[in-house]
Ligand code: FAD
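The chain that follows stands alone, in the form predicted on its own, written as structure tokens.
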């Protein structure tokens, strides 16, 4: 009798942790586990804003997959998913075709543009190692051009669309990076504009008001401008047009205003909301007992708040644990368990040594919150690679 085939699509938090958990839950004689990922590395999505600003090199953020998974227990296929044929239990890749008995869809997200004209074509997005490398290089090049091309203000104007977690964390890193660029390229700091534009009435919508006020005051003091309650209407190569008709010229526009589930999920014929599947309580695809969904592709309702949980790394990691146990139970006729998110807290960095956060009922500010952020990041590295991974990739200096 052949071993059941478990296929994992995507090497982000949900996918890579599913592979790590399954290789621990199952013996090599119990199942054939295959992980498919576009790159031969996994990366810390929660560090990409630092790479984009140029405050952390991207090599620190990426981890080779063969340093995480046991290649004797998990087959790794470096390829891109083209199509999921759900009723045929097949997945089409660019260079191959795979079959499965159990499927884990953890393909991550696509940017959500909300129909804003020109956004997809003209704005950068913080979503991969390659995308953030382009942002960093573009910002550096724009500053280098300033004194060589007539000191055009738009060359040193950076627009960040969206003031959620990614947007706030990115402008926090820019607040650190801009003074360095000014010194390097002989540009007065007061000439540079970093404008964070948010359609909602406040930055970090839904976050604690006292923490939000601290973040705004901290970032404004360091030169960040905020435009709230101000939707972007159009995005052009040289700037944006706001809903009130005002135009801001800028050579760098970075969109952080939201994500939707990977388009491949919708294209496979699954019922989705903004590309995300409202999964059953055991994280299975409704109507498909052998398909599980994790991370950005999974929609889970917070019944107490009557709204979806945000697709965070914390939740994706927890989902992987549940999926690992449930696939083992499914294979052995055991009892499936419900997924219940255990939200331990939320921390947003504001640059070097600065952050805000809430852990349990305790609010954290400044250096204390920044240290907690590093503890959270180091804990994840420990989960995927133990102490050696923390030493190799971790942020060991807490203060």
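Positions refer to the first chain, counted from 1. Quantities reported herein were computed from a predicted structural model and do not represent experimental measurements.
Only in words, not in the display: the form predicted in complex with this ligand, which the text now covers.
Stretch 295 to 303 is the answer when you ask which of 295 to 303, 136 to 144, 278 to 286, 179 to 187 has residues with heavy atoms within 4.5 Å of this ligand in the predicted bound form. Using a 4.5 Å cutoff between non-hydrogen atoms, residue 253 does not count as a contact of this ligand in the predicted bound form. In the predicted bound form, no heavy atom of residue 329 sits within 4.5 Å of this ligand. Taking the partner from the other structure, this ligand in the predicted bound form has no heavy atom within 4.5 Å of any heavy atom of residue 69. Shown alone here, residue 385 lies farther than 4.5 Å from this ligand in the predicted bound form, counting heavy atoms only. This chain lacks the partner; the member of 98, 316, 291, 195 within 4.5 angstroms of this ligand in the predicted bound form by a non-hydrogen atom is 316.
This chain is drawn without this ligand; in the predicted bound form, the residue among 240, 104, 215, 107 with a heavy atom within 4.5 Å of it is 107. Although this ligand is not shown here, in the predicted bound form the stretch 168 to 196 places heavy atoms of just one residue, 169, within 4.5 Å of it.
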